[in-house]
Structures are given as C-alpha cells and as structure tokens.
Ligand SMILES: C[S@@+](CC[C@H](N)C(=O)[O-])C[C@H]1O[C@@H](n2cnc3c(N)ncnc32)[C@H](O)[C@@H]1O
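Only one chain is shown below, in structure tokens, and it's the form predicted on its own.
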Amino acid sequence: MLKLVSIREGLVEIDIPDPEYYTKERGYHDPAWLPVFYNPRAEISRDLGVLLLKAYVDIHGLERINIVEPLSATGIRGIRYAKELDRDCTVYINDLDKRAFKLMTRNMIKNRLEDRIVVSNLDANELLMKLHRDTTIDVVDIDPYGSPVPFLETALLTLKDGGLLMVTATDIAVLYGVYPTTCVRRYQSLSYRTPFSIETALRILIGYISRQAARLDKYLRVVLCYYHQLYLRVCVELYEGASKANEVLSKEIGYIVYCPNCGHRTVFRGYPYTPSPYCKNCKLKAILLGPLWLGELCNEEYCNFMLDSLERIKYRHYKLEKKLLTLLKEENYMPPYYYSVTEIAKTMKTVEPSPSKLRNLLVESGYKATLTHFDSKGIKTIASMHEIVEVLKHGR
C-alpha cells in the first residue's frame, strides 16, 4: 500500500507517493526513490507542454486530437493535457509498472476525466505499435527517466504526417561529454566537455532524432527545444518526405570544432562529413563535436502564441517561463554555441565580466549578442573569442 499525499499542479489535483515518507538520507529527497516517479522540478516542463499543445492545435486548426504518453508514472502530464486543453481529445496514458497503473487510474478518476483518458498497463513500445496499427496519433510525448532512445523509433512510426513529437532526456552526463564512449554508442555522436557542453548536449539529442527520422524518410521541424534544471526537452513537428529529409541532413546537421587552446569555434554544415580536427585559428589539434543539430531551437510563431497564453494563464512559475521563452526567441538566430564569462576571464587572466555588461559592449561594438537560457554566465554572439577579448580590453 503506497503512502500518498495530494498535490495541485495547473488545473489538476493528483495523489503522489509522499516524498517525506520515502526520503532516505538526511532529509535529501530524490524523485527516483519514490515507488512511482514524480518530479516537482519538471512542473515548468509540464506547463510549457500544455502551452505548446494549445499552440499546436490552434496553429493547425485542429478540433480534435489524440495524444499518447507511454511512460506516465503518476499520470500528471497526460492528465493535465486532458484537463487543460480546450479541444476534444483522447489522451492515452500508460505505464508498465502496476503500482503506477493503479495510481494513474486513481488520479484520472479523481479529476473526472474518464471520458477523455484511456489508461493501460503495457510496455511503452507495445502501446505505441498498437496505436500505430489502430489509431491516428497527433501527439507523442516521451518522458522517460534517463534516455529516450529505446522509444524513439516506435514514436516516429506512430505519429501521423505533421504530428507533434515531444521528448525529454535526463541522461545529461552522457550527452554533456562526461561519458563520451557512451554518447557514441547511444547517440552515434562525439561529445566532450567544453564551456558550452549544455548546448552541445541538446543539439546532439535533436540531431539524433533528426537522423532517426531520416532513416524512415521523415524530417523534423523544430518548434521548441530547451534545457532546464538537468533535463533536455525537444519538441518537433514530424513530416514525411525523403528529399526534404536529405535537405535537412545537409543543411541543419553538422559539426562544431572547438579549440581548448584559444577558445575558437568553427561550424561545419553537412552530414555525413568529417571536418579537420584542427583549429582554423591557432592550427593546434582541436575537439570535434557531432554530428549535431545546427538549426534553430524554437519557432517564433509558437513562442509568441505560448507567451500570449502564458499572460492569460499565469502559472505559478510564470516569471521563469516567460524569461525562458523570451530568451529562446532572442537566441534563435545566433551561432550554435555560447561563451561563458568564466572561460573569457581565464583567457584574459582577469576577473569575470558581467554577462549583461559584456552583451552591451558587444552590441555597442557592432556585434550581435544576447544572453542565453543555457547558462546564467553565458552569452551568445557572432563575435569570435579574439574579438570578445578586444572589445573587453577597450571597453572596460
């Protein structure tokens, strides 16, 4: 018998395993210790998921949609979709764990959503393939604990042409470059620790999804991709078309060569392609990252719609969510990496400059520049490391 407590999130109230009861060490609580997983820190992700769905149905003029979340745990995400989406919908929530199945059923009934939710107790891939055979699926939301890789192919097969795929990854250490061999094995991509590893992690994940879609003669259109509190979130529309898939691979997939000696970054577009692993600036051996996604991380129409909806709804994390969406729009046409003021200070052997001050100095000097949601100490700019150093030398 689970020890439960009730919590409210968005417009729903659900029961979750009592975090205090299942705490193990000195008051520290890890969501993974709960018999049924629930992560309160992912509330922002769930808020943005609701806003994104509202944008999707409005932009595409859909009166009815089918949504599947095959790894539901407590059911909080799918239950919120069913409750907060102002369209006729069927939401399929599922978990292989019998305790999760019983709890999400309880939560569905608690919110009186029996007419909008279908609950099942199946393997995630089994459910996806069953729905692929029997039903048109508009939205698939893969929200695992760890890597989404085991579920991506069935998700890509299940979605309709023009469907919305939403994916979470929490195996940050692998994508970040802490375990480069695992990243090659799991995502077929080179990742090493750099000052902009968080962005590299997200772009490797998008690039992997794009390449897996291309195997099925499909291509993706990014609508919202971001990093927040130790998880990566990728939301893309999926379309059929072999020639367009080829075009996306050649234009939006590529590599970054990073030089740890001088800090120079070079972008190479095209896949498959193996750029020279030497720095164009100082000619020393550099670090090759990729293949990864080099395109945009958000769609401006979606962001504007979500910001408008957010002003009306005002979730409890409204300020953080507004800041995140606003920064994503500002970052959208910048290079696929950022500079950390810590890195810049080490290069100059001086104290760290203020990111806001550095951005202003760069803009005043004629360089496009913006802060970034990836890192509070980060800045995106078209200026090179050498140009940043020169601006700081003359602008302090």
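All residue numbers are counted from 1 along the displayed sequence. Here the structure is a predicted model, which is why all the values come from computation and not from measurement.
What comes next is about the form predicted together with this ligand, which does not appear here.
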- Heavy atom within 4.5 Å of this ligand in the predicted complex: which of V222, L307, A124, L113? A124
- Contact assignment for this ligand in the predicted complex, among E252, D97, E237, E84, heavy atom within 4.5 Å: D97
- Would R77 count as a contact of this ligand in the predicted complex, using a 4.5 angstroms cut-off between non-hydrogen atoms? yes
- Task: Spell out, yes or no, whether the shortest heavy atom distance between P144 and this ligand in the predicted complex is within 4.5 Å.
- Result: yes
- Hey, in the predicted complex, is F37 touching this ligand, heavy atoms inside 4.5 Å? yes
- Indicate whether E69 is a 4.5 Å heavy atom neighbour of this ligand in the predicted complex. yes
- Message: Among the candidate stretches 255 to 263, 197 to 205, 145 to 153, 277 to 285, which one is within 4.5 Å of this ligand in the predicted complex when only heavy atoms are counted?
- Response: 145 to 153
